[in-house]
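Next up: just one chain, as structure tokens, the form predicted on its own.
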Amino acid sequence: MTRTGAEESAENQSVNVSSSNGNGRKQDGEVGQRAERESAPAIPVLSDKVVNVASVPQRSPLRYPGGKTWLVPEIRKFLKRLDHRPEVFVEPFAGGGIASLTAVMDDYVDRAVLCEKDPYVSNLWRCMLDDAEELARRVECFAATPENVRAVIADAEVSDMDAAFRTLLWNRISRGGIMAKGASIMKQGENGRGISSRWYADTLAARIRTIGSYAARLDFFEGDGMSLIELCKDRHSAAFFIDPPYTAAGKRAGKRLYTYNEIDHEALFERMSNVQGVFMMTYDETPDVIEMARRRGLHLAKVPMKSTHHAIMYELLITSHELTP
């Protein structure tokens, strides 16, 4: 049937009206979300001072991008102010493991359970816990010349200990401790000292031996951190520290810094909102992250830190209970 010009005109107007109403609803939704964010209470700042990392015990031999040594004072306060002593400290995205090392070595918990998906980092942790003395001796005996470094990096791994030493060496000499594909080796180093500025053998060996001395209180698993959370979710006596790769809200840093960077942040927030124990999560401060936390009734706070370019920034802390300065 042939439509008249009037009928076509009426249909087009109907389509246009529908389209206009849809856009209007979308715009209203965006305005509403913006108004909600603007009316939300300000996030409290726990401290006005940036932590000097030189004042914090350096316990991990790993230089980890996004490492949390600077956050150690807040981790201590978090654990110290609990109304109970946790039986286990759970760190599903271990990396350098500074949170777990702090919790155990400062005796805030009886034991810690760490998990890491990267098989090379996991192997290094297992070797530190199983045979710290052997790894420490290898570190002490290694002369970090460019030629020796190239030989280790190029050599085919024939044992777990060989692989562990290679991972540690690569971590120490790569720029920023980045071990993801495409990472490069430092050239100038600190004060122009090149590789040797990050390979202080005696200090690294001492850290490895200390970790080995706590092996009975440190359990390590290679795998998905989400699975570890699921395994421990019903433990009232657990304290969780969650430091996932920073890929929420389209952040690209995590993809550049870590080989295993994919994570469902919505699923992580949902899972943490249902655990029975206490927890602290760390994230970049973005509207999407704040919204995920507030939608689940979680507590927010922030602390100052220095970026790699020495600019003062704020890290977002998301917790099971309110933190105070």
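Residue indices: 1-based, along the sequence shown. Keep in mind it's a predicted model, so treat the numbers as computed, not measured.
Unshown form predicted together with a small molecule; subsequent notes refer to it.
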Worksheet item: Which one of these stretches, 144-152, 78-86, 202-210, 110-118, sits within 4.5 Å of the small molecule in the model of the complex when only heavy atoms are counted?
Response: 110-118
Worksheet item: Looking in the model of the complex, any heavy atom of V51 within 4.5 Å of the small molecule?
Response: no
Worksheet item: Looking at the partner-bound form in the model of the complex, is F240 within 4.5 Å of the small molecule by any heavy atom?
Response: no
Item to complete: Answer yes if any heavy atom of P73 is within 4.5 Å of a heavy atom of the small molecule in the model of the complex; otherwise answer no.
Response: no
Worksheet item: Do A94 and the small molecule come within 4.5 Å of each other in the model of the complex, heavy atoms counted?
Response: yes
Worksheet item: Which pick from I43, V278, I263, M292 sits with a heavy atom within 4.5 Å of the small molecule in the model of the complex?
Response: I263
